[in-house]
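Here you get one chain, nothing else, as structure tokens; it is the form predicted alone.
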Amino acid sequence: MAETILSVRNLKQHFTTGLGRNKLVVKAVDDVSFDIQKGEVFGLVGESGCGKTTTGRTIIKLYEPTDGEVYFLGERISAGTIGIKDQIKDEKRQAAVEIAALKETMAQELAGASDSAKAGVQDTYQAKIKEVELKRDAVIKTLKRDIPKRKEDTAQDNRSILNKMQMIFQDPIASLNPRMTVKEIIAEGLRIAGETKEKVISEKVQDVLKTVGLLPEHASRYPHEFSGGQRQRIGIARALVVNPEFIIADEPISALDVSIQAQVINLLNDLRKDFGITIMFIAHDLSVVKYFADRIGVMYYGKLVELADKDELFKNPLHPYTKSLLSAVPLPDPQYERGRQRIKYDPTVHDYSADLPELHEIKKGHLIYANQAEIAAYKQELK
């Protein structure tokens, strides 16, 4: 069984804007869960604004999660607290409802009881109310105990763990400091990790430049002297220089020409094979993801709506949004393109008013976000 390198559990990332009546909560990532196995390429796809990049940035701790947990190499590296706080509110609310019901019942019994029996009725119900209060307080105490630990895990700066996780950013221009030479840009991670010997730093920078297809003499140049593809290679070198085990590639080819895209994808593929690096590949181009990834997760409006092996996803797409995405993938076949039927996704096809959806494993390794009625329909579709 493959080793799990990253586990994301019920991850939420909400952003708040405005105050008072104008307060708005944007649920960029809303209850997302998945695992990534060591050595695989996990593709995360969806349209712009669906929460892919926010998911990646939250995993690598550029954002503090609103709720949920992130485990890397078996260690919890961040955890949100809003879920615990909501549970505390729910516990107080539920206890208040139970106590109000007990008091109402006690009042009714007291109204019909004799004077001699009233004291016994009061004692009985006061004991029941006390029991509810004690249970509420015990649960809240346990929940509150977890909040400091979650904040501590999120705030910790464990370099030995975090250096094994790196990110390649989408924009190869904006992600490189124009005032720093290539050597300074790449070496920054080594210096943060505690390396002080200039000879060691220079050797590692030159080695990683060769690895990504650049020349050692490029180390003394500035980012503006390179093409887009070369800049992205510098970004990849910056991520590789600290010997990571896991890389988040956030749409690393979307800003590049098609021919350069192929070079960068092939480079990432070679790095994966040569160094055994695990990659989370964020993209919106399904044709690229199909070529590069082992498993694919599909996101829509902050939700993970479908997850499966790439062959299974393309052969048996179940969620209407996945079908819509796949129908938009162009093929180099003029005859197919002339007859290609685009599928438009309409979110109103889902009725979640009573039967709420969850992420279900409809078959081994194939998960889909649906309610019970939809699951039954999808199972018929798979037959």
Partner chain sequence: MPDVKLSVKDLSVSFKTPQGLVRAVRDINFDLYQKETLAIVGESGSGKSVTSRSIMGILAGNAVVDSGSIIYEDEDLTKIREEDFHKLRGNKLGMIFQDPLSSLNPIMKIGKQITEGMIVNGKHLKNRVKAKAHPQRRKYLNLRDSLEKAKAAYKDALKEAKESGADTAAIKSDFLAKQADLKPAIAEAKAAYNSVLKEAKAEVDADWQAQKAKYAEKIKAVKAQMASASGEDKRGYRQEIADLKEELARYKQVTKKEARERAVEVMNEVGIPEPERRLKQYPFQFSGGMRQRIVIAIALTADPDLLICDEPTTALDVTIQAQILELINRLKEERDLTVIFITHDLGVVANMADRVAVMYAGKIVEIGTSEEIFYDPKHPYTWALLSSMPDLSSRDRLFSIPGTPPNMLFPPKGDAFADRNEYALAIDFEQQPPYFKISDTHYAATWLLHEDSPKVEPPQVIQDRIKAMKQRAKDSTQSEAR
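Numbering follows the first chain given and starts at 1. Just so you know, these numbers come straight off a predicted model, no measurement behind them.
The same protein has a further form, the form predicted in complex with the partner chain, not shown here; the description that follows concerns it.
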property: Proximity to the partner chain in the predicted bound form, single hit among Q126, N266, N163, T142 (heavy atom within 4.5 Å); result: N266
property: Of H350, R340, K27, K38, the one that lies within 4.5 Å of the partner chain in the predicted bound form (heavy atoms); result: R340
property: Contact of I84 with the partner chain in the predicted bound form (heavy atom, 4.5 Å); result: no
property: Any non-hydrogen atom of F314 within 4.5 angstroms of the partner chain in the predicted bound form; result: yes
property: Contact of L62 with the partner chain in the predicted bound form (heavy atom, 4.5 Å); result: no
property: 4.5 angstroms heavy atom contact with the partner chain in the predicted bound form for V97; result: no
property: Residue stretch of 134-142, 304-312, 214-222, 71-79 approaching the partner chain in the predicted bound form, non-hydrogen atom distance within 4.5 Å; result: 304-312
property: Residues in 36-57 with any heavy atom within 4.5 Å of the partner chain in the predicted bound form; result: E47, S48
